[in-house]
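In structure tokens, one chain follows: the form predicted alone.
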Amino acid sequence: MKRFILFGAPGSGKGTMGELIQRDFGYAKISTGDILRAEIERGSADGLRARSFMEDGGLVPDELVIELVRQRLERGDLDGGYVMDGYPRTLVQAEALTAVPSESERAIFLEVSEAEAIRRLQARLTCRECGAIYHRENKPPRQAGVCDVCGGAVEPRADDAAAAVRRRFRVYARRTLPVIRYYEHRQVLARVDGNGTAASVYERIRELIS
């Protein structure tokens, strides 16, 4: 079982890169955001607990996120490999993931400038109902303002405004530095220039995976 871990600040494009890897290599993309939304939709106890933290603007506790990821990894549908999108975000989460056996592991850190992150996120659109993500230039919904998946309203996120992105960018850098150092110490970290077009960034990642 191969494991790829995509890191990157908000706007680095890790979600897009994860989708492309899934498309071309058949590895399942596992996103904690998707897992949390699914649990909230299901109305599970874990989902309701996570929702309470998210609605208060807080971080979902490590132990809850770790347990939900563990459950996802045990489903038996990963077919030889998977890509973690945005997880782990803390050192505790990284250590918990390491405890899950894998044939090989590669952590890919997408490095982007703050200016590029702001430019990308200000073009991002999100479905208010199911959380599906679109982009005004690269991936617009088929009908303007309407989600292709569920028909919900598609709109910019409040935290994608320039000032909010700057704050998120700096908080991410502080919180993620210990995780980056952890994977550097394990000698599985690759730093990838995440600036430029999605196609050019993906070509750099393809070389690592291939």
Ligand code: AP5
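Please read all numbers here as calculations on a predicted model, not as lab measurements. Numbers for residues come from their place in the sequence shown, where the first is 1. Superpose the two forms; the largest set of C-alphas matching within 1.5 Å is the rigid core.
The same protein also has a form predicted in complex with the ligand, omitted here; what follows describes it.
Undergrad: Is there a heavy atom of C127 lying 4.5 Å or less from a heavy atom of the ligand in the predicted bound form?
TA: So C127 does not count as contacting the ligand.
Undergrad: Is there any non-hydrogen atom of V100 lying within 4.5 Å of the ligand in the predicted bound form?
TA: No, no contact at 4.5 Å.
Undergrad: Would you please decide whether G81 lies within 4.5 angstroms of the ligand in the predicted bound form, comparing each non-hydrogen atom pair?
TA: No - in the predicted bound form, heavy atoms of G81 and the ligand never come within 4.5 Å of each other.
Undergrad: Heavy atom to heavy atom, is L91 within 4.5 Å of the ligand in the predicted bound form?
TA: Output for L91 is no: heavy atoms all beyond 4.5 Å of the ligand.
Undergrad: Exactly one of R49, R157, R170, R181 has a non-hydrogen atom within 4.5 Å of the ligand in the predicted bound form; which residue is it?
TA: Result of the distance check: R157.
Undergrad: Go through L121, A96, A107, L73 and name the one with a heavy atom inside 4.5 Å of the ligand in the predicted bound form.
TA: Answer to the contact question: L121.
Undergrad: Heavy atoms within 4.5 Å of the ligand in the predicted bound form: which stretch in 41-49, 181-189, 146-154, 59-67 meets that?
TA: Of the stretches listed, the one contacting the partner is 59-67.
Undergrad: Heavy atom within 4.5 Å of the ligand in the predicted bound form: which residues of 174-200 qualify?
TA: Going through 174-200 in order - heavy atoms within 4.5 Å of the ligand in the predicted bound form - the hits are G194, G196, T197, A198.
Undergrad: Using a superposition on the rigid core, decide whether the Cα position of A123 changes by 2 angstroms or more between the shown form and the other one.
TA: Result for A123: no, shift under 2 Å.
Undergrad: After core superposition, I'd like to know whether Y87 moves between the shown form and the other one (criterion: C-alpha shift of 2 angstroms or more).
TA: After core superposition, the C-alpha of Y87 moves less than 2 Å between the shown form and the other one.
Undergrad: Taking the rigid core as the reference frame, is the Cα of A107 displaced by 2 Å or more between the shown form and the other one?
TA: No: A107 shifts by under 2 Å between the shown form and the other one.
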